[in-house]
Each structure stands twice: as C-alpha cells, then as structure tokens.
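Heads up, the chain below is alone and in the form predicted on its own; it's given as structure tokens.
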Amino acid sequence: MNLSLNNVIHQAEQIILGKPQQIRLALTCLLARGHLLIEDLPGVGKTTLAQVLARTLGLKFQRIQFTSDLLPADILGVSVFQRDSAEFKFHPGPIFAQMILADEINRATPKAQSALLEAMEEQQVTIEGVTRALPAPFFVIATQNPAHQVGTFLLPESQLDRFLMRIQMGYPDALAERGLLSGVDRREIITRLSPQLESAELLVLQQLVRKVFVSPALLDYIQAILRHTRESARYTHGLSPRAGLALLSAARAWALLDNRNAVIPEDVQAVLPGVTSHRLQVVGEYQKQSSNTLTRELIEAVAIP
C-alpha cells in the first residue's frame, strides 16, 4: 500500500476505534471519486468519521447541518447587491469546499436535498444562470438517520444513486467502546490531527485508480452480477449500467489499497455491499433479510468465471 495511504488509515483507526472496514470503504469511495452515504442511528460516529477523513487528508472541510427550513441558497450561496459598486456580488455557500459533510441529509426537504445533485454529479453548480466550478478533489459525505425516525424525508432513488457507496457504522464492540469511554474526548483529538496526504497527491491516486487493470474475465463477472439482479424475482428492478460502473470503480480503488495493479473477484465482493445496498429494492418476504444476508446470497448465486 502507498505509504501515505497507510498513514491515513492508521491515523483514522486511532480515532474511529474498532471500525477498520468502514474506514477502508470510505477511503475506497474517495479514491474512486465517489460520494458516501452513511446511514445509522445518531451517536455511532458518522460525523466523526467525516471530520477525521477531512483532517487526515488535508482537505478544506465544511459541515452543512440539514434541517427542515434549509434553503438551496444556504448550500450554494447567494448574490447580494453592493451599494458602493452598484452591482451584485456572489457570496459562495459552504458547497465550495473539498469535503462536504451533509449532516442528517434526510431531515431537509426534497428541494434542499436536490441542491446537491448537480454538485455531486458534475462537480459544478449553476446559480442565477452562472456555472461555477467546485474545488478538486470534491467529496460529499452525507449522513442520514433511519427512515422510521420522526422528521425525516426519504431520499428519492435518483439522489440515492448519486452516492457511490452506502455504509453503516454499527455499534462498537466491547473493547472499542471501553476505549471510547476511558479515553480522551474524540473531538479534542481531532483538532490535533495532522494531514497525512496532500490534495495534489490525492488527485494523483485518483488517477491511478483508473489505471488499475481489469481483465475481460473480471468484466464477465461484473456483468453476471448485473444480469442476475435483473433476472431475479427478489428485486423490484436490477442494477443499472451506472451501478455497474460504480462497482468497477470501487473494486479498482479497493485493489489499489491492497497495493495491486489488477482487480480480482474478491475486490468486487468486498465493495459489493456498499455499492448495491441502496440500489437494490427487495420484494415480499426478502424485505425481512438484512443487507449483509442479501449480499452474501448474491455473491453465492453468481459463479466466478
């Protein structure tokens, strides 16, 4: 593994105790130039993970707290008339940062949620007819509470699909929780973190991800997974071509983290839950199964070429 990436993971693991898989998946998502959705109960470390990554990667960070009265202008910015110059001056919103934490995104109205769409897809925003580029790299981490909680608005499928991956933090194990209870306040530690990577180096790593070799047999495997979801009766609809591209990109990034220049089937299987859990809707009795069970069954159903 690249030494800087190794340092990034090591430093993050000192703060986010007992969650090496979640840290690795989040970093995979960033290297693949994707956006991350973290869905879980309040208080399990969603916001802390975003703050740790921003500090460790040396990225300009902005947190947007999504509430029911949030307006698109609160995210994108607004033009204000200046009396001295007799002209409008644009004041950029918090979206003009390298890493955005969209905290509790499903507490905002769909209109406010949609303000992120163009930014996430095009890495630019159009405000009052003017298109403005966003910084590079640009990465959105959105957190959302479970849909059954009061005051939440379900994200539409079109917006869910903009997220390369969705993960859950889960409760810490007993040892990690003991470390949290007996250790220093994590917020205090975060303020002392030093960057382990430069923005320019991160951009180079993102380019390297695209150069990770993918064999025709590996493409056959990904297509077989896509085809199975489209033909299976347990899903309302199968994975789209965009989902296939997301799966391929994430698998390449996972391989790079393993210091390999070629993707193997195990890379695809490692990122499959994060890439597909928010894209596949199950029907009937299958809704009672956990996403981990569904993913395991999907992996078992598709043979490796």
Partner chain sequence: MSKPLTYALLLTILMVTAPHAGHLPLWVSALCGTLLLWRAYLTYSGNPLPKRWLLMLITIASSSGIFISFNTLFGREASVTLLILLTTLKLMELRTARDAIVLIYLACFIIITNFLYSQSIPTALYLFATLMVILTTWVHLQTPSITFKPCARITSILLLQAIPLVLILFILFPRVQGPLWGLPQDAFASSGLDDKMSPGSLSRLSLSDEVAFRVNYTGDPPRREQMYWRGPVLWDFDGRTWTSGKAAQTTAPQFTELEQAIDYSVTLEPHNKTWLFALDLPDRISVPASLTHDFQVLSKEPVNTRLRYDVRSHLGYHANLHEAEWQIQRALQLPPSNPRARQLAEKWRANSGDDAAVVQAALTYFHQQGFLYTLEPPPLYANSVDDFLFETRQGFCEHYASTFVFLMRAAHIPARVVTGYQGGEFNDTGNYYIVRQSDAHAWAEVWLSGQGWVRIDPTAAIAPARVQSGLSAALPLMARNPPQWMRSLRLNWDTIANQWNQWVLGYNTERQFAFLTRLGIESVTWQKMVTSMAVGAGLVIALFALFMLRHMFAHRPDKIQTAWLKLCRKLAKIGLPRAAHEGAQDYAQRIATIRPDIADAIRDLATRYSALRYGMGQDEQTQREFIRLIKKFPSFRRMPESS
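Residue numbers count along the first chain shown, from 1. Source: prediction; values computed, not measured.
Quick note: we don't show the form predicted in complex with its partner chain, though the next part is all about it.
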With the partner left out here, if you bring back its partner chain in the predicted complex, are 213, 218 and 299 all within 4.5 Å of it by some heavy atom?
-> yes
Would residue 277 count as a contact of its partner chain in the predicted complex, using a 4.5 angstroms cut-off between non-hydrogen atoms?
-> no
Its partner chain contact in the predicted complex: residue 245, any heavy atom under 4.5 Å = no
So in the predicted complex, does any heavy atom of residue 269 sit within 4.5 Å of its partner chain?
-> yes
Distance check, residue 188 to its partner chain in the predicted complex, heavy atom within 4.5 Å | no
Counting only heavy atoms and a 4.5 Å cutoff, which of 160-168, 197-205, 99-107, 228-236 contacts its partner chain in the predicted complex?
-> 228-236
In the predicted complex, the residue from 38, 57, 263, 50 that sits within 4.5 Å of its partner chain by heavy atoms | 263
Counting only non-hydrogen atoms and a 4.5 Å cut-off, give the residues of 107-144 close to its partner chain in the predicted complex.
-> none
